[in-house]
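As structure tokens, one chain now follows by itself in the form predicted alone.
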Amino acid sequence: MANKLPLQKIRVANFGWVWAGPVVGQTLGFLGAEVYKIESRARIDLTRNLPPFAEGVRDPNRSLSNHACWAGNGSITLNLKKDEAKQLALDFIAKCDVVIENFGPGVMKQLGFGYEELCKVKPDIVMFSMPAAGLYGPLKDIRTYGLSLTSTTGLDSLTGYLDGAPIPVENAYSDPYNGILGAFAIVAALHYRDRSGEGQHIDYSQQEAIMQMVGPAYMDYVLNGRVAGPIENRHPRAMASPHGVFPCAGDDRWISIAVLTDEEWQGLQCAVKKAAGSDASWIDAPEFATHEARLAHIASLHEKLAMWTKQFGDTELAARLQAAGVAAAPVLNVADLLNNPHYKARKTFLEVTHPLGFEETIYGAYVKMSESEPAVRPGPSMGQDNEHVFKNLLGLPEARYAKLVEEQIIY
């Protein structure tokens, strides 16, 4: 049977840029959608300027970061500073099911691509807008990147050392988080369209989605009036002890350990006592006898546990603790991820050949289905789909197409 993906007949115009918008298109592409990034050499996407570059050649088409985060998207180039390019974009949208954008509120309307305008060319269009704070409200015009959202959502106020100043979250994880979640909002809207015949404009606030990460602290404030602050790696509701990341043998190797129940504590006790050559007396100390006592002496417990864990390799110790019923895992670095047998088995990272001829590693499909196999391809070269879209889909004659390229309208 042919490999049939659920969104195989869906076409997407993706105005998104940097990381969040691309991942929306990437996720839809994994589900079979035909996705095209609309970009221009007049305004190069930021991710196209990110190193490393394939074969060390600095070029917007050779950014390995871009090829990973834009995987699954095609590309057409239109200089939207020119009216004729805007008309071509509308002509293309008329043949699409979905439009994606992650600009600030009002930008698409200024370009001539507001929801009302799009409905004129495609009445049942699904438009997905994902500004930082939504399309309305006092913060609607706030300018952010992924890192900013961990501040406006309160998450940065919770990260850092105990009783110390907040330490902001380093990675802009909110971008892929919002991209994946946003894609499934689009899937829901397409389902509604198929049932009702009506499209819709999705107002997706990135910060409102990210706020789910501070749910426990929010509820603690509402119910108890407590304002949470940095607590290192300790459990946010003091339900676990030990609960943290501890050093292991080797250069910068670590293991995470979390113990929530008496049964898990007993498993940790057994593992410590079975370890040859280690002093196990501390594990039976009275101050660690009960859950409440361990919480009261958590600093001492963490210090003694760290002295024990650093005698062992992270992978070996994690396996030993898992066998004893303890939630434990090695802290993997990037090299570990790429060489991990589990990730290899699931094709989490794939070696692919870019259309320009070089080999690179990109993300595999994180959406896996029993009845179909996603097609995974690297992020596009700029304008790689121009001829297909403008000549085949829009039917432009060769001479007209060539003139638009010469005039840098298709650019």
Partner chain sequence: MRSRLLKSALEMVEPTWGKILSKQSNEALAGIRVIELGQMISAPYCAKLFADFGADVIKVEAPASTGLPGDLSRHWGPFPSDEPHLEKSGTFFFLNTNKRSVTLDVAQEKGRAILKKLLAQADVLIENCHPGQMREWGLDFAALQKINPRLVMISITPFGQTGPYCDWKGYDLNAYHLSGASHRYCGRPGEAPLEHGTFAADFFGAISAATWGLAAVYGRSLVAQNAEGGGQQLDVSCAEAIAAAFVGGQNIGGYAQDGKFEHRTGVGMPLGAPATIVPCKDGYVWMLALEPGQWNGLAKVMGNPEWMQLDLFQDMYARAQNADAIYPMLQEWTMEHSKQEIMDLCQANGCPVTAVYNVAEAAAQEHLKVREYLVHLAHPHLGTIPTLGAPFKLPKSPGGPKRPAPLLGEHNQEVYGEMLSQDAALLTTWKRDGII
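Numbering follows the first chain given and starts at 1. Rigid core (definition): largest C-alpha set, two forms, superposition within 1.5 Å. All values derive from a computational prediction rather than experimental measurement.
From this point on, the text means the form predicted in complex with the partner chain, which you will not see here.
Using a 4.5 Å cutoff between non-hydrogen atoms, P52 counts as a contact of the partner chain in the model of the complex. Contact check for E170: a heavy atom falls within 4.5 Å of the partner chain in the model of the complex.
Taking the partner from elsewhere, K120 is found to have every heavy atom lying beyond 4.5 Å of the partner chain in the model of the complex.
Contact annotation for M219: at least one heavy atom lies within 4.5 Å of the partner chain in the model of the complex. When the partner chain is considered in the model of the complex, only one residue from A271, L305, A258, L90 comes within 4.5 Å through any heavy atom, namely A258. T159 is the sole member of S300, Q311, T290, T159 with a non-hydrogen atom lying within 4.5 angstroms of the partner chain in the model of the complex.
Judged by heavy atoms within 4.5 Å of the partner chain in the model of the complex, the contact stretch among the candidates 137-145, 82-90, 292-300, 279-287 is 137-145. If you take 285-301 and check each residue for a heavy atom within 4.5 Å of the partner chain in the model of the complex, you get nothing at all.
After superposition on the rigid core, displacement of the C-alpha of E116 between the shown form and the other one stays below 2 Å.
The Cα position of K86 differs by less than 2 Å between the shown form and the other one after fitting on the rigid core.
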